[in-house]
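Two forms of a single protein chain come next, each set out by itself as structure tokens; they are called structure 1 and structure 2.
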Structure 1
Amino acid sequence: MSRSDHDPSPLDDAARAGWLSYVGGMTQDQIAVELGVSRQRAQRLVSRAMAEGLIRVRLDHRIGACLRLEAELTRRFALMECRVAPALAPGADPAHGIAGVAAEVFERVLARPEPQVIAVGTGRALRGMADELQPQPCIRHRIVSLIGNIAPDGSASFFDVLMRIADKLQAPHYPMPVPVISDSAEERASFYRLRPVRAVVDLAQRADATFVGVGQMGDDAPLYKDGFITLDELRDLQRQGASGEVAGNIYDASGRYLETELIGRMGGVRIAPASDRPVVGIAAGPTKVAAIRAALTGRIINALVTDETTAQALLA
């Protein structure tokens, strides 16, 4: 017998505890009394509600220190837009701290009355943003992926966000139907001769707004950690000056795209520098600083969502 939507679920108590804490303003002692549990269990339930994403918190007050960092970053890098989220405690995931702010920026694009084409990359930060978006019907907009999502073994990346966003928005969506990395430049070219692929590439290149993660190229590079390139290939890219990666396209410390045999096999759409439309980089954390700075310097991205600590490092 399958459970109906009205039957109690294991997360019900966590959701109720989170609601009482973050919406009702109750203390953990009060929640314990309300639910008839111990204070320790009330604390665990509230923590689970947050960890499971049952309760989402957005900050409606713009902190002065963050505003100053936004203004300085905007001046320094001639940005169209900049949002700086308050820093989290040391050891916390920076991507979690900026997710709500990134979702607000994305939702402002959704609020435009004109139909929009919105291009998206992949990655942990964008997945966090997607999880924070408010579900709403946006059938007038189109969401398109900038990068292929097929690994060499045929699997898909856990951090692909196109379907998550499209599901929340009930919007037409266009995945990039190519491997992240083809076996040869000739194989890549054969994919790009296919009419459906050409149509998706053309749509992505005409995007009214673009949202991308920014990948570092150290030993924790997402392309390597997620299994798209080998350690030897990563080392070779590092020797050639790789500093960062946006939508699978790798660039040096000055923000110039590298041209190598491996990069010639990468799938997806390369973002043209100095776009006159917003290209929003969503990234934070100490390992991301060099990659973000290079993307800003090369004008690969012209808007930024980050956190306080990263913003200070970028300006140092």
Structure 2
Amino acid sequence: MSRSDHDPSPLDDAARAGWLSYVGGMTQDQIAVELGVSRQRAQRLVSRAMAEGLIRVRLDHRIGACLRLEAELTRRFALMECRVAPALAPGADPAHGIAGVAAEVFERVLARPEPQVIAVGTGRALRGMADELQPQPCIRHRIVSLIGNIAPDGSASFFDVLMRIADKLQAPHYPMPVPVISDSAEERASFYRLRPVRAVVDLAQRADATFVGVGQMGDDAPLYKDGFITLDELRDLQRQGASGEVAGNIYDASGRYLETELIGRMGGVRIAPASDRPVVGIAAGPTKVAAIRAALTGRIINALVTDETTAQALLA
């Protein structure tokens, strides 16, 4: 087959190989012949296409067991929406399985006819969701960040969820220009006094839908592991009953926000409990069960995307 076109991007070849493999169902030998390369190169291209996330896989069948868990969680915690992804292998990254399902929930919000303001947090699960989103122009919606992404060392973008989502949707987006943790409550307040900051905070607080990860406050709490707080500070929070964290706000086992000097310096927008608009928690994994349950109990989140294993633990 004469493929006379000059393919400048190396990803083009990968995409083409992935297309032939996944859509065309061709064997790697056939792909190699079609593309005029060696079998090994074809295999590398296909594997690259997968690794680069060029290929998006969705399952159209809702499994009965998951539907039952969704119904039970919805009833028990009076949720506005709930999605349970099938269990993956016990050792696998729990964020991976729920990413696609979370993306479907997000896309449903995008499908609403009215222009939406959508607030997003950060974290591994949100990042996974962003990667699974189907690219589509949605310029009528606005995406706003609930939390700054400036790390203690000044570097940006740990998991830059906002930019990735806005990029896929070509939507206007509003980063939160505030440090995750300021040096003092005064510094935080001075940020919040700035007019542009206030505008973003206002937008976030009146979001039509909110998507957040849920952080746990055990000994390997993300806040501590990512260097936002010290071990001493973590221990102190644990002593005060910290159970979880949503958008940089820490709450106890009943889902009530804690108030400490440290928390007074944290930059995230505080989500008002018991919102009448969906606040979707996206989280799974055995370590997060307590944090998720607390957030559900306190109605900090009123919708949930999780996996089967976590759902069972939440109901146990």
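Under this definition, the rigid core comprises the largest set of C-alpha atoms superposing within 1.5 Å between the forms. Every residue number counts along structure 1's sequence, beginning with 1. Please read all numbers here as calculations on a predicted model, not as lab measurements.
- The form predicted alone appears here as structure 1.
- For Ala17, a C-alpha deviation of 2 angstroms or more is recorded between structure 1 and structure 2 after rigid-core alignment.
- Superposition of the core reveals a Cα shift of less than 2 Å for Arg256 between structure 1 and structure 2.
- The two forms, fitted on the rigid core, differ between structure 1 and structure 2 by 2 Å or more at the CA of Ala42.
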